[in-house]
Structure formats: structure tokens, C-alpha cells
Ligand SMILES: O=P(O)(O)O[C@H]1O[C@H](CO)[C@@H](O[C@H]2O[C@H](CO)[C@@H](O)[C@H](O)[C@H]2O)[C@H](O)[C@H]1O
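This document starts with one chain, in the form predicted on its own, laid out as C-alpha cells.
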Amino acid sequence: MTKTAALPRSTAITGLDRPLASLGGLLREWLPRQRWFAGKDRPVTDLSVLSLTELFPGCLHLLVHADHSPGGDGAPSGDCYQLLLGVREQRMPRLERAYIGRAEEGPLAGLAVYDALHDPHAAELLLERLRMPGTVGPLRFETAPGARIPGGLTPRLLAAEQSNSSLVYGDSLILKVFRRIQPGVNPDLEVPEALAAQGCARVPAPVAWFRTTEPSPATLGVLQPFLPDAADGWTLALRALAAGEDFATEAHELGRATADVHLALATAFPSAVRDEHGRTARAMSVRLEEAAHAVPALRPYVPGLRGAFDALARCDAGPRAQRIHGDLHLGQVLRADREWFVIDFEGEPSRPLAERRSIQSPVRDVAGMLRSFDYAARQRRPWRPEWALRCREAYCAGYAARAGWDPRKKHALLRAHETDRAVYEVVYEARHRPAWLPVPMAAIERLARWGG
């Protein structure tokens, strides 16, 4: 049996620079290949270790800052990432997918380095840390009052593409490990915790979490109940399309569920009298200009798209600005026991944490879901625009029945938020999934004609 390498004690307590002698070259090659790495379009020019903790023998917890070459504006940029790295004396075939490389020098010289979240033993030990609240260096493990976390649960790492990494334990718990770290409380902990206090059953309540105090306080991961028999909305929508079935009934119920969550959010967090449309329109225009610079295919449509934002600045007051989901789409909702649940309140990870925690128009969430119906409809050939249209109408009707106002009657507001969402999608797909770029570009062409 291959043994886990016990790290020399000096590795955990030596300064922050020495580990890079072992890990710097390996991570510069490995990080840009990861699905959750944000700077794929720019090479890593420098790495620095912000925090290093020996979480348990053979597993290092790191926060590393990856600097990128200057962008189009000439300014350097970078991000902080959370890594859990396992070290072993020998390379293991069962962990081949997680293998990062063998350190050739420094304190880890000769050891095989891998992504520890792929290792069931490391995943089990991580859950044990969460079961027993306490501290390990700057790391703080906390449990919700009254929570009982069973031990001995078999872990598995979800293979789905996402901006974080999730471990499922047995059929009862799921741990989301945030990869891109920003200082402050992550909304995916803050919001479900607040909604649980409101008695909102549409959102699974946090069971435990861990955070760091160095170099700045930040949320690192959240443990929540897992719904084993649930299916996400994206899967259900594609299933309906493949079977030639309508999805309007489910969309109507999803609209009601979205309104339930918005109502609970409005109670749990302070809200504004109304959204400041002028400021929102200016921010959307800035994002459009930045997107057009990054994706040249957008440039011919900029005048028409800007027209939607100009109309927003002139439109009447809409619903109160409030805390929202921030990145709502069919992949962020689950259906179990004929009920819809909303998950993943982190918001768009590429945007600053302060923005994701700010109050915004609930129409932004509605627009995100409407765009998701269009994405789903375009997965089938030939494209079925009438399927997406029926879903849109049913979803908005369900939302209006619960919320007391109809998104379809906020014409300029909904159009502007749909446009802003489509612009975001273009940048995302161009960077991460170029084959999907035609989907939002088709919406851009439609919205540019509409907004002009």
C-alpha cells in the first residue's frame, strides 16, 4: 500500500516563500488548466503564497495569489485561489486525474503532489474537521447551532463543470469548496443562513462552514444538506425537450419559487425604495464597452445594445432593489418531491464580492432564468423558439402570482437586464466554452435590433 507522506514539521512553519521552490513551477502549469481558474486568457506571471497550513498529515491548505500579464488596459491583474494539495511518496494510479506533478526541489523535493479533493481519504478527514468545530492555524471550522453531522460518510467529488469544487458525502451532505477567494463573507453562506432564519424552505440551510482569518477574513467552504433524489432544472428542461414535452407547468412553478425566495430575501435584508435606473444603466454600458473590447464579435451590435440601457435610464420606477440570487439559471435550481429549491447564492464569481452582496433589482434574476430557457431550447436541432417562449410566459406568470407584480409589464427594465445578461454570457463563453458562443450571440443580434 502506498503511504501518505508525513510532511516535515518545518514545512508547515517555515516562511511563505519556501514552498514555491517546490510548487511554483508545478502550479504555474496546472492552475490555468483548471475549470475554475479565471485567467485562462492570460499567462500566470507570478505566484505568491498568502497562507499555508498543514491541515492534516500529507495535506496542505494554501491560499495563493496568481498574477497575470497585463490586460488590454495595460494594468496587471490577479486572483486568490484556495488549494488543498496532497503529497505522497509515490504516484498513485487511482489519483491519476488529480496528479499535479513531482516536486524536484525545495521542502517537498521528491514527493508527488496532487489535488487532495480527489482523494477519498483526504475528503473524509476534511469532513471530520467540520464535524468538530475548532481552529487549525488561521482556519476556523464552525457548525450551525444544533447541527448534527454524521461520521463515516463516503465522499465523492462531483465531476460537473463549475467555478468551485463540490464533495458529496453519502446521500446526505454536500460541501462546496470555493476556489476563487475574495475577502469577506461569501453570499453562499450569508444568504442561506439568513433565509433559514426566515423559515424559507426553498433554500437548504448551512450545516457547517470553514473560513480563514489570514491574510484577510474570508469564507472558504460551506456544508449543506444534499437532496439525493433531486434533478437540476437544466437536466429536466433538456429531458423535456428530448421527449418533445412541454415545460410550461414546471416553469410556472419555478416562477412561484423564485418569487418566494425574493420575498424572503426582502424580509431578511434591507432594501431600497426603488432601483436607481440611471446608475444601473451606466454600469451596464461600461460592462458592454469592456465586453466589446474583449470579444470583437460584439462590436457591430454595441449601438443597438446601448439603446436598451438608454431606455432603462428613462423608464419608470420598478420593484424595490433588494438582495437577490445574482446568477439565477436552470442549473441553480433543483426539483425534488415536486418542489423547486434554489441553490448557489454565490453570484457571478467574476464580479467583486461587494457587488454580489449589494442590493439590485429582482428583475435581474428573472432575466437570468429567461436567458436560461433560451439556452436550453437551443440545445436541440432544429431550434424550438416556441418552447422557450412558452417557458418565459409561464415563468413570469408564476412569478407574478406570488410576487404581486408582473415582470412582463416592466418592459424596458426586463429588456435591459436580459441584454446585460447576454453580454455577460458572450464574454463567459468566449473565454471558457467557445463552442457555445453562438447561443448568446443569437440573443445579442435579437436584442440589438430590439434595443435600437
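Residue numbers here begin at 1 and follow the sequence given. These figures come from a predicted structure and were not determined experimentally.
Just so it is clear, the following notes concern the form predicted together with the ligand, a form of the same protein that is not shown.
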| query | finding |
| --- | --- |
| Accessibility of shown form to the ligand in the model of the complex, site-C-alpha superposition, 2.4 Å backbone/C-beta rule | open |
| Partner-contacting position among 35, 408, 65, 42 - heavy atom within 4.5 Å of the ligand in the model of the complex | 35 |
| Contacting member of 258, 186, 372, 361, with respect to the ligand in the model of the complex [4.5 Å, heavy atom] | 372 |
| Any non-hydrogen atom of residue 425 within 4.5 angstroms of the ligand in the model of the complex | yes |
| In the model of the complex, residue 318 touching the ligand (heavy atom, 4.5 Å) | no |
| The ligand contact at residue 269 in the model of the complex, heavy atom, 4.5 Å | no |
| The ligand contact in the model of the complex: residue 330, any heavy atom under 4.5 Å | yes |
| Stretch in contact, per heavy atom within 4.5 angstroms of the ligand in the model of the complex, of 79 to 87, 330 to 338, 145 to 153, 248 to 256 | 330 to 338 |
| Within 4.5 Å of the ligand in the model of the complex: residues from 409 to 440 (heavy atom criterion) | 421, 424, 425, 428, 429, 433, 436 |
